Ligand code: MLT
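Listed next as structure tokens is one chain, alone, in the form predicted alone.
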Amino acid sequence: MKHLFQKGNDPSRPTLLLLHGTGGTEQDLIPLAQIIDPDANVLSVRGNVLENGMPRFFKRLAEGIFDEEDLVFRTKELYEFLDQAAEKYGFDRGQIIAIGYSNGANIAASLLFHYQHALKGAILHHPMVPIRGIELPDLSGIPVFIGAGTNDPFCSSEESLELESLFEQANAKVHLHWENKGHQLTGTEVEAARSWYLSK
């Protein structure tokens, strides 16, 4: 997978896995990582799927309707890539915290839905429920931040609450942060994610 890796200043810090939104690149969320934890390793990945020339992490059938078969395939692909990247760059595979926005948040949520030890934690900006009707692994102790918009046109408040509930049922420690905004990522939401991250 096309990606970039930046070694952090402090080897005791986690590795931040950055996952962009539709049409983004591996450069998009680098400024976010600098705000959240400037001393951490950064592994930023570009989605392998193109939709009208725009990179994504998995296919969709229509707006808000995911190609679940492709989602499962791409989730496994990303999970295996993380194993390979940890070996290549020499970071602790068990210390990866995802930071995803929109489509990137969805694939990060899907990692948690499908694999018990995929991530140490996750910051999910404006995610949807990636897939329904599956039993989640035991996510005991895994912290998850969900940033949601009260009038997000792509992700309803009900969907955000449903995702929170699914994670809680799997024993994850969820913090749901609301912004009175749409789908955009605001400075106050990023600051809330930073405060949450530093409290972990």
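Remember, predicted model here, so these are calculated numbers, not experimental data. Start at 1 with the first residue shown and count on from there.
Separately, the form predicted in complex with the ligand exists; it is not shown, and the next lines address it.
Interface residue among Ile96, Leu111, Ala85, Met128, judged by heavy atoms within 4.5 Å of the ligand in the predicted bound form: Met128. The ligand in the predicted bound form comes within 4.5 Å of a heavy atom belonging to Phe58. Looking at Gly64, you'd find a heavy atom of it within 4.5 angstroms of the ligand in the predicted bound form. Contact annotation: Thr75 falls outside 4.5 Å of the ligand in the predicted bound form, judged by heavy atom distances. Taken together, the three residues Asn41, Ser44 and Phe91 lack any non-hydrogen atom within 4.5 angstroms of the ligand in the predicted bound form.
Contact with the ligand in the predicted bound form, defined as any heavy atom within 4.5 Å, is confined among 27-35, 171-179, 50-58, 139-147 to 50-58. Using a 4.5 Å cut-off on any heavy atom, the residues of 68-105 that reach the ligand in the predicted bound form are, in sequence order, Ser102, Asn103.
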